[in-house]
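Here's a solo chain for you in C-alpha cells, the form predicted on its own.
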Amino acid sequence: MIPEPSGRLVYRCLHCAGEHGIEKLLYICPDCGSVLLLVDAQFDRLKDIPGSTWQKIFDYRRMLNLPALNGIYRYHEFIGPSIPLDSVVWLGEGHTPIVEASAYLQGRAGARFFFKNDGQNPSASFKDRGMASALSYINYLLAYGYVDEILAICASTGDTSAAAALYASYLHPRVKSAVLLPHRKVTPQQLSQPLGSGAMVFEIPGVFDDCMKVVEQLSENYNVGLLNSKNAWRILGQESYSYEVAQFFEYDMKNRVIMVPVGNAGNITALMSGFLKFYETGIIDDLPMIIGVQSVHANPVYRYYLEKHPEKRRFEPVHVSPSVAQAAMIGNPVSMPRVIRLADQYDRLAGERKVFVVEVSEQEIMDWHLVANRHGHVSCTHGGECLAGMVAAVRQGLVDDSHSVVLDSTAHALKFSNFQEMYFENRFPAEYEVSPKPELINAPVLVHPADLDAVPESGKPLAGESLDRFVSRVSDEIANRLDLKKV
C-alpha cells in the first residue's frame, strides 16, 4: 500500500543504448548526444505481482489520505520508484475528471467520446504532470546532497512556463526559475502565470523552436535544470495520464482510443510508454489505439507517417504558421526519436498498427472547440484540435461505432479565451486561415430602452418609481428579444 524506494532508474540512450545514473541531471546522452529515456533496469520485478493485484493496490491507494500518493505517484512503482515519498512534490495535480460528451454532441461528432479535462490541474494544464515528476526529482537531488541549488529553465508557448514556474516556486529559495517565450506569441493569461510565480521571464524574437534552441544552448554550457520535455523526467510524469485513463475504465482498454495533440511529442510519447508498462505487467489486457493530432500549420509528425513503408520514412522539421492550438505550434519536436522508437514497439506488441497521426485545419480546430464548449465542456483549443482529429479519424474509418474515445483537453479554456474573442469579432489575421461561422458567433447585447430617462449608475442607484420603471422596461425588452410568453 505505502511504497518504499525500489528498482533502479537509469537514463538509457535511444541511439547507443548507453546507460547513465540519475545522480546527475542529464538531457542528452553524454556519449553520443542523442535523446534519453528513463527506464527501470529492474522493471521485470513488477511482473512478479499479478496484474489483478496491481489493480487492487492502485484502487486501495485511491482511498488513502497521503499527499505523496494523492497525485501522479499513486503509481509510484511505474513513475518514479527510486524517489522516496518524502521528496514528492504534490500541488494537487493528477486525477483530472473524464467527462462523457452529451448525446447530442456525440451524435454530431460521429462517435462515443469523453473529454479528460487536464485544465483542472493546478496551473490549468497537463504540463503539471511532468513538472510534478521533474521537481520531485530535483527535490530528491537537493535533499540527498547531489546538488546545492538549481536554476530551472524552459522554453515555452505558455503552459510549460506556467507549470515550471509554479512548481519551482514551491521549492524556493533552493530552486529559482527562468522561462523563455516567443515574443507576442503567448496569450496574456499564460504570460501572467510565470510572472505571478516569480520567474524571470525572457521574450525573444521568433517561435518556440527558436526559444528551444537557446535553452538547449544554455543547458549544454551552464549549470541549469532544463524543464522542457527533452527532460526525461517530464515524460515519466506525463505517463500518469495513461494510468488514470486505465483506472477510470476499470482497466478495460479494449476498443478504447486516445486522441492527443502532438506538439513537442512529449505527451504522445508518455501515453505509449505508460500503456506499454501496464500491458507488460498484465494490468491491462489490450493496448488502446493512440491517435496524435496535428494542425496543417505544424505537421512534421503527420508528414513523417504519410510514408507507408517504415524503412523509407525520413523526419524533416517544418516551418510553422500561426495556430490557435498555440502549444502545438512546434515544427521540430524534441521527442520525435522517442515517438519513432515507442510507436514501433507499441505496434509490434499489439500485433497490428495502433499508433496513427491525423491532420486538421485551423478552421476545424476553432469550430469544434466552440461547438464543444457550447455543449457542456470546458475545452481549450487543443481539446478542439482533438475533437476535430476524432471527426477526421471517423471520416477516415480509423474510429467507428465499436470504439470509445478519450480526448485530451490539455489546458483550461480560459487560457485561450482571446481566440474565442477574435472569432466572435472576426479579427483573425489572414495567416490563421480562420473565418467565423455566423451560427457560432456570440456577443453581449446592451439592453437600454430609448424611452428610459433614468438608469442606475455606479454610486447613483435608482429608487422608488424610477427603479420600478427601469426594471419593468428592461424586463419587457429582454422578454421581447427572447420571445417569451407571459404566464
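Residue indices: 1-based, along the sequence shown. Not measured: the values here are computed from a predicted model.
Although it is not shown, the form predicted in complex with a small molecule is what the next lines describe.
A.B. asks: Can you say which of 325-333, 81-89, 102-110, 360-368 gets within 4.5 Å of the small molecule in the predicted bound form, counting heavy atoms only?
C.D. replies: Result for this chain: 325-333.
A.B. asks: Decide whether residue 410 counts as a contact residue for the small molecule in the predicted bound form under a heavy atom distance cut-off of 4.5 Å.
C.D. replies: Within the cut-off, so yes.
A.B. asks: Does at least one non-hydrogen atom of residue 259 fall within 4.5 angstroms of the small molecule in the predicted bound form?
C.D. replies: Answer no; every heavy atom of residue 259 is more than 4.5 Å from the small molecule in the predicted bound form.
A.B. asks: Does the small molecule get within 4.5 angstroms of any non-hydrogen atom of residue 126 in the predicted bound form?
C.D. replies: Residue 126: contacts the small molecule in the predicted bound form.
A.B. asks: Looking in the predicted bound form, any heavy atom of residue 75 within 4.5 Å of the small molecule?
C.D. replies: Residue 75: no, not in contact with the small molecule in the predicted bound form.
A.B. asks: Within 4.5 Å of the small molecule in the predicted bound form, heavy atoms considered, which of 264, 177, 193, 136?
C.D. replies: The option sitting close enough to the partner is 264.
A.B. asks: Here the chain is shown alone; which of 242, 231, 117, 160 has a heavy atom within 4.5 Å of the small molecule in the predicted bound form?
C.D. replies: Result of the distance check: 160.
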